[in-house]
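Here you get one chain, nothing else, as structure tokens; it is the form predicted alone.
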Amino acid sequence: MGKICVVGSLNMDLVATGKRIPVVGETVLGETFKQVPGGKGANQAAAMGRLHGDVAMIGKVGEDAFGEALIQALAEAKVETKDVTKAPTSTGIALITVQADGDNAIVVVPGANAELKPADIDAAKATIEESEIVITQLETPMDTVTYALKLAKKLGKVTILNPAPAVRLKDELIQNVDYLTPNETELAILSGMPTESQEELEAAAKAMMNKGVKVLIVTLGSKGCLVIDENGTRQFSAFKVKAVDTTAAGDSFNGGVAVALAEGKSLEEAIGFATKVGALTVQKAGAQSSLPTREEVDGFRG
């Protein structure tokens, strides 16, 4: 199996539930509180570790208890953490309030994630060199994401970008991406084109391929995903399951794709594997707390 390197964010999710979210100036009594390791980068790395992937994380935490807890959570998921360094600031956090109907309000404070610099990528160059796949997201500074992708391509690595949270990207970043994994909304933002129909999705995907992306995997939630590459368009269905919490579903799906590709599986096999991972993730609550093990995925029959 090839090694996977994740360049990305680590957050501690502070989740409060209550009957409803307070309006401005109001205080309401909550019902439960949980502290859940999160951040898109760490979620993807933890997902891969639980799937028995050979995975290393490059990121930054603060010099506080949350940072220690996030490193520990990754270590428990069998993720290599020597390139998760500390910045003299707070660890990234997400303050999440969830009301009874499932709607939520979230404040994200990037903290140490904003301190991940190109110099940190250089310092972890040996980890990238020994990896086969490099995967990143957009919760760390754009200059750093761009630098990491350019270095990975220069070293001959396969690159995956999960473009979330989505913003318009410069061509110098996009041209270093092999696999792009947006949902419909993210693809619309990236391409500046509508994505309401399959025809529009394909047109937007082709616009990204014209900029250098080799494969687009467009996730469609309960409708599965579309794979668009030089061989055309293929649709893959999702499993029908009762969703409890969709947090980290996209992260676990990306982790599943990366692990399967690192194991030498075909793209079609990787999508099938990742779809199982996503289906299991949405049946549990929380970010990293919902990620399935390899044994659960191999035993899943839908």
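From 1 onward, residues are counted along the sequence shown. Here the structure is a predicted model, which means the values were calculated and not measured.
Omitted from view is the form predicted together with adenosine-5'-diphosphate, to which the following refers.
For the options 222, 72, 175, 104, the one in contact with adenosine-5'-diphosphate in the predicted complex, meaning a heavy atom within 4.5 Å, is 222. Proximity to adenosine-5'-diphosphate in the predicted complex, defined as a heavy atom within 4.5 Å, singles out one entry of 85, 183, 191, 159, which is 183.
The shortest heavy atom separation between residue 279 and adenosine-5'-diphosphate in the predicted complex is within 4.5 Å. In the predicted complex, residue 37 stays away from adenosine-5'-diphosphate, with no heavy atom inside 4.5 Å. In the predicted complex, adenosine-5'-diphosphate sits within 4.5 Å of a heavy atom of residue 241. In the predicted complex, adenosine-5'-diphosphate stays beyond 4.5 Å of every heavy atom belonging to residue 67.
Stretch 245-253 is the answer when you ask which of 49-57, 245-253, 258-266, 29-37 has residues with heavy atoms within 4.5 Å of adenosine-5'-diphosphate in the predicted complex.
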